[in-house]
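Presented below, as structure tokens, is a lone chain in the form predicted on its own.
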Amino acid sequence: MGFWATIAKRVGYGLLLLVAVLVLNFTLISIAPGDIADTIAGDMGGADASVIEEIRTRYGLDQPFYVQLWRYMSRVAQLDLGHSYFFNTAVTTLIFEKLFATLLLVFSAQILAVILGTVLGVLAAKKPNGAVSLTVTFLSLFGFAAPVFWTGILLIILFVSIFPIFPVAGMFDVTVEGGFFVQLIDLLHHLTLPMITLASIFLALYSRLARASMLEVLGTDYVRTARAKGVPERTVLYKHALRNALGPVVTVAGLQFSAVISGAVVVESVFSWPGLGTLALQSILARDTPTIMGILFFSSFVVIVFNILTDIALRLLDPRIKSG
């Protein structure tokens, strides 16, 4: 099967998976106790059964499950994610308002974790029993075991309370005035702690994986042959071994993208980062079903797209996969 035919097949599977995720999410949210009518009644200080029933009728919640599901799937097919009950605006508008903040946090944390984790893994693989390898192993175990919210709280205590270097919350400082570069520096200043917090657990994973992959590649015949021919060690490591060792790291990075997004929900809550995670938490507390469904749909879409992009990257990185 050709390269593009394989990608087209993966896209088809991705669309089927997206439909299955939509049906599953809608079903789980529908069978959960309570709905937006209960939330509105609670905000009103209480309401009798007739008022609650009128609210359900207004929002179409009195319809049978299959009718509600069909209406929702039809709207999604037209790229209409519905109207938020709680925020009183289109769900698509809400998502795109918060999208930049979440993507900035997720991509920066993922890039930091992959690059720094790979570098640490390569350094650890050069001398598997050396001090660098032991240090990387210790830091990896610590970062992997520490809950992400606990890491965030520690960083706030250290770099906000004890050493007031970074801001504690938000994405911008409203008191900062200036041009593009001034605003960019302010943004990066606010981004640093959330990015490090989210990257910490994945940094541990990628460093351990890169170390194990490099050790495996360095033990192969072609590496031993290159060394026997007198090829410089730097060339052996970074030209011959590293490219083949990157395959598992790229694969796991693509598969872990969903975990990065879920971790961003917690990090955004800790640092009051104005992204989709904060919006999701507010929507869950308000039982705003359309917004919850829209965020779940968009998150699933992003994860599926990045799994496909990971497959493309692997085929470009390793010709053996492409030829197979």
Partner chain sequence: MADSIANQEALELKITHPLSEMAVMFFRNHAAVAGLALLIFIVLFTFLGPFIHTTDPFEMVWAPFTRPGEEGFLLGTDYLGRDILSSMMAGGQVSMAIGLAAAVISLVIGVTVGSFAGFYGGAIEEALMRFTEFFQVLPTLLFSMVIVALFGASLLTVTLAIGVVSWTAVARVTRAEFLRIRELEYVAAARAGGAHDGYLIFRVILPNAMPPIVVQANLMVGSAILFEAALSFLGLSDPNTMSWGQVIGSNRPYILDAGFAVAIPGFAIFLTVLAISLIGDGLNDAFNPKLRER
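For clarity, every value in this text was computed on a predicted model and none was experimentally measured. Residue numbers count along the first chain shown, from 1.
There is another form of this protein, the form predicted in complex with its partner chain, and it is not shown here; the text below is about that form.
Using a 4.5 angstroms heavy atom cutoff to its partner chain in the model of the complex, all of L28, I156 and I292 count as contacting. Taking F107, F142, Y222, F100 one by one, only a single residue has any non-hydrogen atom within 4.5 Å of its partner chain in the model of the complex, and it is F142. Site annotation in the model of the complex: the residue of G178, G230, P164, P147 reaching within 4.5 Å of its partner chain with a heavy atom is P147. Using a 4.5 Å cutoff between non-hydrogen atoms, L281 counts as a contact of its partner chain in the model of the complex.
Within this chain, V266 lines the site of its partner chain in the model of the complex, having a heavy atom no more than 4.5 Å away. Its partner chain in the model of the complex is not approached by H240, whose heavy atoms all lie more than 4.5 angstroms from it. In the model of the complex, at least one heavy atom of P33 sits within 4.5 Å of its partner chain.
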